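Below you'll find only one chain, the form predicted alone, shown as structure tokens.
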């Protein structure tokens, strides 16, 4: 066992029932009433972060994943005697949505939770829990209807403004209920789940090739990140070839570049700044076409496979990619100059949609949203995977937490991504693209930094069969923080704030 693990065990407020190291992770087994104080200790004393929380039917236990930057991953297994346990949200606000999800999906009730309303399943009958082992995946469940009780803000001059769930254009469904006093927003409640697809239930017993295709399509514009997290989870420590590690970094950063270009153009669009918006959209389209030229798919789907990668980049394509990135950097300079030299644009984005550092930490924001609020976290550096340990890059951090800060973070990350791709191309040597992966057994974890932030896949195997799959998309963490960021802003600024976040509905509504 690593020295840090021994030091941590000695510092715990109470000894766990059992502990062991598995694939570089420290697993702590405790009773249900010990989960909350143990998590509180790891988060408050060890600067850890709650990265995943779910129910594992096999063994009837709560699984909590805690990441401690520059230290390691800690898994807490809380054994349950029945279907209830002391709520974690009372002390740890970041557990709020996890516990509501676990209650409706698995029937595990957090006692004294401050908000017992459903999170994903609208009009779902009581006592029907789709992740229960007794619930067949092909069952048709009749919707029973019912009333969802939104938070009420009352007083003279208070108005409610409902938006969605159906929106203009191709945006996915989500309902936003604003309470305003005149123009300023004094409360926002986000209600999602309208495109819930039963992904985790579909993964149970699913063959690995089909499961890979499913995870790739969880959130289409983050297909590389999701498929790589899946591969990491099922590889369970398999040593991937060095060339494959470099290619995984390349494809991941190319995905980050086209996502951030879309966000930058979207922010310009939402303040009617047409010229930089059109220019950014043009560069994004060029990146998508470059993706297709290199891999055969505009969104880079089909690049990841367990044990390595399925698509190589030969010398000719490498030169093409190098030249395209140089051209991208030169073409982006005028866009950046236009944005930051426009007083009217800066007036719209400065101090708009501010998320404080304390709010980001309490609700466990992640990715560009967290880094724009001053929280220096990035899984590529803190928990290196693929070839990131060999890459030189600067984690982009701002302090103000507003739209402008999120814009600056994404511009900086896009430029760092171009540098990482070039480093990989320079360092990449000839070699294998993939190796055979043994039949998985036990628990596997995939942890990657997607364009939206830290992405976690947890998988449990028994006798080579997948019995539980848990996905935690970064949007699941960031949606609750938006309810805080909009307060005090006016309703017309909400689309701009929303675009600066650019959260995934599909990634949240699994």
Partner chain sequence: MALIDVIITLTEVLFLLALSPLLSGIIRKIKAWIQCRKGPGILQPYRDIWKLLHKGTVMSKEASWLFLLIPYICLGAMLCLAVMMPVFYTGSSNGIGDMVAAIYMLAIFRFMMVLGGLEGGSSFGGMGSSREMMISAIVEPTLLLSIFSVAAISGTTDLSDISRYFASSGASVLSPSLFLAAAAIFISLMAENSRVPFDNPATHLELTMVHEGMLLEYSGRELALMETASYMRLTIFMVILSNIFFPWGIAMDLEAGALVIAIVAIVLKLLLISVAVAVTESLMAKLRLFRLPNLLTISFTLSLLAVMSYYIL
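Every value quoted in this text rests on a predicted model; they were computed, and no experiment measured them. Residue numbers count along the first chain shown, from 1.
The discussion below concerns the form predicted together with its partner chain, not included here.
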Joint contact, 322, 326 and 427 to its partner chain in the predicted bound form, by non-hydrogen atom at 4.5 Å: no
Residue 162 within 4.5 Å of its partner chain in the predicted bound form, heavy atoms: yes
4.5 Å heavy atom contact, residue 183 to its partner chain in the predicted bound form: yes
Contact label in the predicted bound form: residue 416 to its partner chain, heavy atom within 4.5 Å: no
Touches its partner chain in the predicted bound form: residue 359 (any heavy atom, 4.5 Å): no
Which of 381-389, 246-254, 271-279, 435-443 lines the interface with its partner chain in the predicted bound form (heavy atom within 4.5 Å): 271-279
Candidate from 312, 347, 242, 91 lying within 4.5 Å of its partner chain in the predicted bound form - any heavy atom: 347
Selected contact from 117, 151, 167, 399, since only one has a non-hydrogen atom within 4.5 angstroms of its partner chain in the predicted bound form: 167
In the predicted bound form: members of 473-510 within 4.5 Å of its partner chain, any heavy atom: 490, 491, 492, 493, 494, 495
